[in-house]
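There is one chain below, alone, in structure tokens, taken in the form predicted on its own.
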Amino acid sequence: MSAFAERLTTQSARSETVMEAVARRIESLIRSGELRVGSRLPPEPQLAVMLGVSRSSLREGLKGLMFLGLIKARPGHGTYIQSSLGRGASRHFKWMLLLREVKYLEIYELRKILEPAVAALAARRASPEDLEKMEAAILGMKSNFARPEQYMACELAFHEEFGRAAKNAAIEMMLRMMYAALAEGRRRTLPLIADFESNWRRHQRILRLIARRDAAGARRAVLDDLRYAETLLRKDLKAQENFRSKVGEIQLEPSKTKRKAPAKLQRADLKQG
């Protein structure tokens, strides 16, 4: 190993947290077959030996992994490796939005790239059961024009179902992450929907095209719907920006008054002198 590579390895080891070290070693045990996805972790003393860490370090690492959703505790049964990371991954996507590492409009750009292709796959691969579930979601939307929250839940269910109909686990996971992250923004745009029936008809059209196995038509229909949704999002973001600007102006007013006060006092002191 070269001196540079050795130095890089040493620096990486030093910067690695206890949680990262525990996670990396558990990953290696899964790869080797000593642990399986969904299986129960060995008792703490045994696991500490397997991972080559102290029991206190192991506890610290496991707490972090549990918070991230990589493992889960079952009271009275032990600690298990998660068999699905959907919820944990969705939480990370939400935090990326909160920390402004990712912007809402960037996610919509991703949706416009991904979802039309997903609809095309669904048109080719959807089973009769998939179509029934999408139909149920569409009927739920239609019966909830006067109840926006319920309407949104049924609309989300429709998008999730045509994601499942694509028969691709990676796509399904990505869509679930995006939808969970966008839920709050979607809720804010609900009052901006001028006509719920027109919105519903766009989704009904998507379903009909998928049911007809019209991949190209389904692709275009989903893209049209996403463009409409993006216009609502832009309106909401603009309204938020205007609100923040007004709040900022109001907060600046008292500070302006405070800055003028010393000047008045100085003039008074000069007159007295």
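Basically, rigid core = biggest C-alpha set you can superpose within 1.5 Å across the two forms. Just count from 1 along the sequence shown to find any residue number. Owing to the predicted nature of the structure, the values given are computational and were not obtained by experimental measurement.
Absent from the display: the form predicted in complex with the DNA. The rest refers to it.
Peer 1: Only one of Asn242, Ser28, Thr231, Ser56 comes within 4.5 Å of the DNA in the model of the complex by heavy atoms, so just point that one out.
Peer 2: By the 4.5 Å criterion, the partner-contacting residue is Ser56.
Peer 1: So in the model of the complex, does any heavy atom of Val18 sit within 4.5 Å of the DNA?
Peer 2: Val18: yes, in contact with the DNA in the model of the complex.
Peer 1: Check whether Asp236 has any heavy atom within 4.5 Å of a heavy atom of the DNA in the model of the complex, and answer yes or no.
Peer 2: Although the DNA is absent here, Asp236 would stay clear of it in the model of the complex, with no heavy atoms inside 4.5 Å.
Peer 1: Taking heavy atoms only, is Arg100 within 4.5 angstroms of the DNA in the model of the complex?
Peer 2: Because no heavy atom of Arg100 falls inside 4.5 Å of the DNA in the model of the complex, the answer is no.
Peer 1: Evaluate Arg74 for contact with the DNA in the model of the complex, applying a 4.5 angstroms cut-off between non-hydrogen atoms, and reply yes or no.
Peer 2: Judged by the heavy-atom cut-off of 4.5 Å, Arg74 is in contact with the DNA in the model of the complex.
Peer 1: Among 205 to 213, 220 to 228, 66 to 74, 31 to 39, mark the stretch whose residues have heavy atoms within 4.5 Å of the DNA in the model of the complex.
Peer 2: Contact criterion met by 66 to 74 only.
Peer 1: Suppose contact means any heavy atom within 4.5 Å; which members of 30 to 51 contact the DNA in the model of the complex?
Peer 2: Heavy-atom contacts to the DNA in the model of the complex: Arg40, Pro42, Pro43, Glu44, Pro45.
Peer 1: Once you overlay the rigid core, does the Cα of Glu44 travel 2 Å or further between this form and the one not shown?
Peer 2: Passes the 2 Å threshold, so yes.
Peer 1: Following rigid core alignment, is the displacement of the Gln204 C-alpha between this form and the one not shown equal to or greater than 2 angstroms?
Peer 2: Stays below the 2 Å threshold, so no.
Peer 1: Tell me whether Ala216 is among the residues that move between this form and the one not shown (Cα shift of 2 angstroms or more, core superposed).
Peer 2: No, shifts by less than 2 Å.
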